[in-house]
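Before any questions on how it binds or moves, here is one chain, the form predicted alone, in structure tokens.
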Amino acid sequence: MVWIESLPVVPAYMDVANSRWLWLSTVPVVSVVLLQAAIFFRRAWSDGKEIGLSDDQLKSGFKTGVISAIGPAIAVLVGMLALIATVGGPVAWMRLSVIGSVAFELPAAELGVSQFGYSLGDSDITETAYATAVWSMTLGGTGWLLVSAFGTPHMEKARQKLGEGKDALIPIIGAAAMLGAFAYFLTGEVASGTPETGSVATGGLVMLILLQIADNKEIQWLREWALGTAMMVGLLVGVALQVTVGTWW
């Protein structure tokens, strides 16, 4: 008896999705993102010097930023693996370098191919349907990029106006805006299911405990690692709950 091992069928459009020309076309976009990061870092360092921050303070802030980015970076990496399997490596690399939200990119791609009666993962998706998915992802993310580009320069004036010249209110307004932003993103996750609720609750609790210890013991490095650690622990707890008990609602 001859055993024939069945091989996974690779959709035809993936030849285009992973083509050399598509890789080359995404390089300029990612290069602009890297250039922006380099310019921002240089300006932040020079402005920090101008306002009197020492090299040790600047290095500490830089280290804290790098450590705090580990958790979100891992989440983006996991999302990129899912995106690579559906839209190919070049587009996944470009889109998550610019936006970094697989929660938006996958539904946008699904919306694009669905206009032709397909669903992501179908083996017979046409090149036209794939191109529509890429356009849906790109144009769909343009809105908040334009708002950021044209609205950011006016944000400081708005913040100063809200403070009405009272310097003591400025940091309070900034902290309230940050808390509001985090709360906006978390409220949708908390109600999504048991793993999400457990992940958010665990991450918040770990963050509070680590900051309390850092304040009581005056441990600077613990403050720097607190956010990244809380994210990682929350992520692991969420995965463990998903694997073991699933969701209860």
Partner chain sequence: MSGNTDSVDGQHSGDGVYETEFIPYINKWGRRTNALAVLLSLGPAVALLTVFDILPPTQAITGAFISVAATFGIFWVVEPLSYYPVLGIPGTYMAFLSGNISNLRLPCAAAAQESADVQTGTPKGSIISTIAIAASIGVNTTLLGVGAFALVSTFQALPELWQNALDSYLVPAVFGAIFAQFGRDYPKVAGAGFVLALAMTMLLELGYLGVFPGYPLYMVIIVSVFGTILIARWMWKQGMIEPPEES
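Basically, rigid core = biggest C-alpha set you can superpose within 1.5 Å across the two forms. Positions refer to the first chain, counted from 1. Keep in mind that what you see is a predicted model, and the values were worked out from it rather than measured.
Beyond what is shown, the protein has a form predicted in complex with its partner chain; the following relates to that form.
**Q** Would Leu53 count as a contact of its partner chain in the predicted complex, using a 4.5 angstroms cut-off between non-hydrogen atoms?
**A** Leu53 belongs to the contact set for its partner chain.
**Q** Closest heavy atom of Leu22 to its partner chain in the predicted complex, within 4.5 Å or not?
**A** Although its partner chain is absent here, Leu22 would touch it in the predicted complex, with heavy atoms inside 4.5 Å.
**Q** Any chance Val243 has a heavy atom within 4.5 Å of its partner chain in the predicted complex?
**A** The answer is yes: Val243 has a heavy atom within 4.5 Å of its partner chain.
**Q** Wondering, does Trp221 line up within 4.5 Å of its partner chain in the predicted complex on heavy atoms?
**A** Taking the distances in the predicted complex, the answer for Trp221 is no, it never comes within 4.5 Å of its partner chain.
**Q** Where, within 20-43, is there a heavy atom within 4.5 Å of its partner chain in the predicted complex? Residue list please.
**A** Trp21, Leu22, Trp23, Ser25, Thr26, Pro28, Val29, Val30, Val32, Val33, Leu34, Gln36, Ala37, Ile39, Phe40, Phe41, Arg43 sit within 4.5 Å of the partner.
**Q** Superposing on the rigid core, does the Cα of Thr26 end up 2 Å or more away between this form and the one not shown?
**A** Shift of 2 Å or more: no.
**Q** After the core is matched up, is the C-alpha of Gly48 off by 2 Å or more between this form and the one not shown?
**A** No, because once the rigid core is superposed, the C-alpha of Gly48 moves less than 2 Å between this form and the one not shown.
**Q** Checking Ala17 here: with the core superposed, does its CA move 2 Å or more between this form and the one not shown?
**A** The answer is no, as the C-alpha of Ala17 shifts between this form and the one not shown by less than 2 Å after core alignment.
**Q** Are Leu106 and Leu186 closer or farther apart at the Cα level in the predicted complex than shown, by 3 Å or more?
**A** Their C-alpha distance shrinks by at least 3 Å in the predicted complex.
**Q** If the CA atoms of Val239 and Ala85 move by 3 Å or more in the predicted complex, do they move toward each other or away, so closer or farther than here?
**A** Compared with the form shown here, the C-alpha atoms of Val239 and Ala85 sit closer together in the predicted complex, by 3 Å or more.
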